[in-house]
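Heads up, the chain below is alone and in the form predicted on its own; it's given as structure tokens.
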């Protein structure tokens, strides 16, 4: 581990310079913040996004820097700072960030003061043989600190710099290959969480009740964590991940259908069904806004300008929906229901084995459910033709979601390569089914929004035409997705896929009864 408190550079230089002389430079200070997404997409690539105020100007300098300190892209960004990459001005910074962070918001960290000292090591003839640079990064308020010393080699004197770097590593503990102070501080401030949003059963032979209770408890942690993120409105993916955790929870509760009423499970089913409903409207508007952003990026300058009033309308509607959702997520009703569910999950193991179905091996129980859902999917999908009503594809989509979630809940008990291949095929089909339904719903909603804006006078002819063009674009993509259905359903309908799925459910536990 790198040292956290820096030794004065003059002392370091004096200890490692050997026969060379050291000339110190004036220390330089700068103040900045680091931006990253909540899931640390930039840090995962070894990048950091620095935001440094420009003196006496309503703008900041944004620098995207890699782990070695090289600037990949930079730009001057006026206030207020954007949260999304596609809100940045066109240029290298936006083009570099956009494919990496996509729809995740950029979140500022605490203010950091960075101090840099420099020293030149010269020989007796006055020639500079290498330079030392010491950097200290300290967060304001919290006082978290990291430091680092690097040796900058000069052409023709690489051996000198290597000797000095080795001495620094031996005497003071700074590795030449280690991260600089700012990178190390960013890693300390945004340590990757060990918590997973996709907990899974690990032992197929364990009794279903106790095994799934552990997964349900982990999912409850996800729900609580994402609930906080939704209330804070970190970005739209927080709500999406909350809804996914809710659906995973409901999938497990469907597995645990006891022969007699169970108040704990019944109450949980009601709670999470309700929570799924109340989070829907805000998520729908998030999807509309994402579609609007995507369409605006591809539109001509004139059409993009005409779409701006529609974007403001969607943002206003979304703000109202989010405010209502925030009030719901902060209610005593929800807090009480989640606390009750946690108590049930934290109770004695005996309460999770009192019914015979809860004592069955979880692999057997899940295997039966997987094969049942697969047979239902075959029945629903085989009869679909180009003329089949959209409702049939929607029903198949719901079945495919349930099937995928059950497989994911027990994926860790199966051979990893085999389960990945099956899930990849299922996701491709689910994506097409989702496009068919979502784009149809979105196109209808756009026309409805256009009617509201036209009636209220908030949209002129150009905006209404642009909204209509976006709706037509969605209809085209929906038709294309519908045309792809047969192609992506065919691999799932093949007997070979069914045999692979059956073999997977039998992995290590014997055939389901």
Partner chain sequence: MKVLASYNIKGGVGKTASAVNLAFAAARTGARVLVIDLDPQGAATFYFRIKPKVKGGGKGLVSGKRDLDDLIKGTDHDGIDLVPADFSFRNLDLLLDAEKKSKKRLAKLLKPLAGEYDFILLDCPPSVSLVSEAVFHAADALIVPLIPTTLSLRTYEQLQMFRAEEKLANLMLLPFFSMVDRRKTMHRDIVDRFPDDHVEALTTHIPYASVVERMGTERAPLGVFAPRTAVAAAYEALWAEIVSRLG
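None of the values given here were measured: they were computed from a predicted structure. Think of the rigid core as the biggest set of C-alphas that the two forms share within 1.5 Å after superposition. Residue numbers count along the first chain shown, from 1.
Quick note: we don't show the form predicted in complex with the partner chain, though the next part is all about it.
Exactly one listed residue, out of 74, 353, 115, 202, brings a non-hydrogen atom to within 4.5 Å of the partner chain in the model of the complex: 74. Put simply, of 111, 274, 157, 102 only one has a heavy atom within 4.5 Å of the partner chain in the model of the complex, and it is 157. Note on the interface: of 258 to 266, 149 to 157, 424 to 432, 213 to 221, the segment with non-hydrogen atoms within 4.5 angstroms of the partner chain in the model of the complex is 149 to 157. Proximity of residue 129 to the partner chain in the model of the complex falls within the 4.5 Å heavy atom cutoff. In the model of the complex, at least one heavy atom of residue 92 sits within 4.5 Å of a heavy atom of the partner chain. Looking at residue 360, you'd find every heavy atom of it more than 4.5 angstroms from the partner chain in the model of the complex.
Remark: residue 387 does not count among the residues lining the partner chain in the model of the complex, judged by a heavy atom distance of 4.5 Å or less.
After superposition on the rigid core, the Cα of residue 125 moves by 2 Å or more between the shown form and the other one. Comparing the forms between the shown form and the other one, the C-alpha position of residue 492 differs by less than 2 angstroms, with the core used for superposition. Core-superposed comparison between the shown form and the other one: CA of residue 501 displaced by less than 2 Å.
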